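Here we start with a single chain on its own, the form predicted alone, put down as structure tokens.
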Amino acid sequence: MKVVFLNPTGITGGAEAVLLDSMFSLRTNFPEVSLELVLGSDGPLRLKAAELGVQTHVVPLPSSIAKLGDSGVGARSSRLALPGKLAIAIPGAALYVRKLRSLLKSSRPDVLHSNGFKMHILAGLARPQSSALVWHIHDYVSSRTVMRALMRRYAAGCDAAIANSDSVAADIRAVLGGSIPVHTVLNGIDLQRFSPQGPHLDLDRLSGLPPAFAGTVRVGLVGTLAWWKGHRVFLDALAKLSSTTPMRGYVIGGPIYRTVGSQNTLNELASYAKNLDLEGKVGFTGFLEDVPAGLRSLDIVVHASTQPEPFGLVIVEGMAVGKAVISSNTGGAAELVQDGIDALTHVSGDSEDLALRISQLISDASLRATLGAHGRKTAESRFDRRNLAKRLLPIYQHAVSSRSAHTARQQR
């Protein structure tokens, strides 16, 4: 079997981490499966795939397509602007599909595994007739005006969908009406890389802050700067803590998206923190290449998404490194933890409730240690990336069979 993965960017975010983990697991468990990767832009993902022995092709996405998206609708962009953006993107999309179709025709994959909404549609348009198409969906479809309509339109060219949580799977079925099989495959992580043992980072130096006093409890939100990740809720919660609380907060991560209106900037968040009188109490590290070391450098890992989280990779990563995790209690994130056993949960978007959970953990070192130990065990039992291939290969095989049967019916 030959599998070609398609991803819209060469930058490594959460969905790209899952892509790398999937390729690693397939390489480890089924070395006879041939793997290739097509990227919409060059970046670190190409090099990391090469380390796994995966041949990579870069077919640059036109800027008009790369910047198109509706993840920021309702926050930073206007619904009225979308038709105009679509019209501008159509010529670039047509040219891109021709280039992608030519590459795939020469590659002759059995399976196309698309990652990212734009690639789902472009892969469907460029797919060779004999290749099965599997959409790997990491986000809710129903909340995206443009992509919801496009995916309904092009679902007939897709043979299976993979959802990263039962919550996302239910959303896909509601949008597509059961037109394609939907399989839940929980994300996995590298449990050797995300381990309690390993290097730490000087988060204060990276943030440009003076060293914290001995006994300071370090509380951090780790992730991209997407507007719905709850950075302002996190900062609001820290501002509600007593001024005598031995705490320092950290915002770890940077902007990775090219879609207009989809994310905060570090300057915006720093200004927001200053207005809350948190200057000097919160550090902004920017993007960190060594995420496990960043997580190990914290005492408390906060997940504060204001919308239902499709999965919440940082929740699992925080548990894997043995840290006390506070997670929002909605969407796919609610499927990952047991409140009070391997993590604490808070009401999504409620800074008051989040502040209570942070305060509880700051004052109870024993509880932090217990949650961290139990969280590591949960990560080992449920989220080991080595097991991903055993879930993926049967989906591929069924998709290939379905596509072959469909092609045979068309040829009669």
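The structure presented is a predicted model; accordingly, all values stated were derived computationally and were not measured. The first residue of the sequence shown is number 1, and the count goes up from there.
We do not show the form predicted together with ligand GLC, though everything after this point is about it.
- From the list 214-222, 311-319, 271-279, 147-155, the contact stretch for ligand GLC in the predicted bound form under a 4.5 Å heavy atom rule is 311-319.
- Contact between residue 139 and ligand GLC in the predicted bound form is found at the 4.5 Å heavy atom cutoff.
- Interface residue remark: residue 263 is not counted as part of the site for ligand GLC in the predicted bound form, having no heavy atom within 4.5 Å.
- Mapping the unseen interface onto this chain, residue 164 counts among the residues with a heavy atom inside 4.5 Å of ligand GLC in the predicted bound form.
- Interface residue remark: residue 227 is not counted as part of the site for ligand GLC in the predicted bound form, having no heavy atom within 4.5 Å.
- Out of the listed residues 285, 187, 297, 131, 187 is the one that sits within 4.5 Å of ligand GLC in the predicted bound form by at least one heavy atom.
- For the candidate set 18, 389, 400, 11, a heavy atom within 4.5 Å of ligand GLC in the predicted bound form is found for exactly one residue, namely 18.
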